[in-house]
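Only one chain is given next, in structure tokens, and it is the form predicted alone.
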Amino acid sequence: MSALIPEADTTVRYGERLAGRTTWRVGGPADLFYVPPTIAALAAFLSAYRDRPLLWLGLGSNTLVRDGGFRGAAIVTAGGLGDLTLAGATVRAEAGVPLAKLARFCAQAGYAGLEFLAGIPGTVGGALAMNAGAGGHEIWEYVAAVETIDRHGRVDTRTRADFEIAYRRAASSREEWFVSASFVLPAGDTEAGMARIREHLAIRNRTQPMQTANAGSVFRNPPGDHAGRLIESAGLKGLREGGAVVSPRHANFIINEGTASAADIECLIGRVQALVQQRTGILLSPEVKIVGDAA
């Protein structure tokens, strides 16, 4: 079932399951489901549905949607907000641009710095919100400016100074969401940049369960340590709950073997958290966002 928003020139769907929009391949239906084709269309949507709770998804990594679904509007930027342009030395990417695409675009254009994004399974919007990082680098190191949108559809241009940037966090005093970012990057060699991208991807493929249904790292690294090391030291690789299992390859990943429910995954997250605390004295903090209602 769908309805047309004239200003947006696209459809809003009702009751669409979110399992197909998350990398864990689980999740119940959202009351409303919307893929904005442009920032202007998104502004029109927010103006029309300003009283609804919002769930923002890119590629659906780093998010666990419970089996009962989400009682509000799911806004999916992947497949929608996808403009990616180069003007002088500034690269502008909208929120739905996949990070791998952004990394390749910059390297092929002769700019360096963002190669580390190639193996992160997300989009620009989520990477900004989480200050995504790998290999000792974080995305906000290279951000010159961002565009944000609020509940009323108002778009504003902001700088790094407007946010509290920290490990896996970019906090604002406003209720707003990222719709684009502009990056100013140092000049680089295209061949060398593409080689670094291949190297990052090779490391990920060698050390992480890339060909499985997972949501990336489940827990944040505690100060001075790594969540994966702590989980492995607690003997939890292979720990199972229904169709969900702690990856034998990388302990900070939980895999859906094909039959897991969101409840299985959430239960396994809790079990890992409790057992690591019991055996190491450290309470791990989830990096994944858990949203929605239980079945």
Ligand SMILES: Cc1cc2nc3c(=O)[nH]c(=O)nc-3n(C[C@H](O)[C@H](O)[C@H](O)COP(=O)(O)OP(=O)(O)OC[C@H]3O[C@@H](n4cnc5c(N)ncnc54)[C@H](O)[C@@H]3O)c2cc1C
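From 1 onward, residues are counted along the sequence shown. The structure displayed is predicted, hence computed values, not measured ones.
Keep in mind that the form predicted together with this ligand is missing from the display, and what follows is about it.
Heavy atoms within 4.5 Å of this ligand in the model of the complex map, among the stretches 93-101, 154-162, 191-199, 219-227, onto 93-101 alone. 253 is the sole member of 70, 49, 253, 33 with a non-hydrogen atom within 4.5 Å of this ligand in the model of the complex. When this ligand is considered in the model of the complex, residue 59 lines it closely, a heavy atom lying within 4.5 Å. Contact annotation: residue 146 falls outside 4.5 Å of this ligand in the model of the complex, judged by heavy atom distances. Contact between residue 110 and this ligand in the model of the complex is not found at the 4.5 Å heavy atom cutoff. Proximity of residue 79 to this ligand in the model of the complex falls outside the 4.5 Å heavy atom cutoff.
Residues 214, 215, 216 are the members of 212-229 with a non-hydrogen atom no more than 4.5 angstroms from this ligand in the model of the complex.
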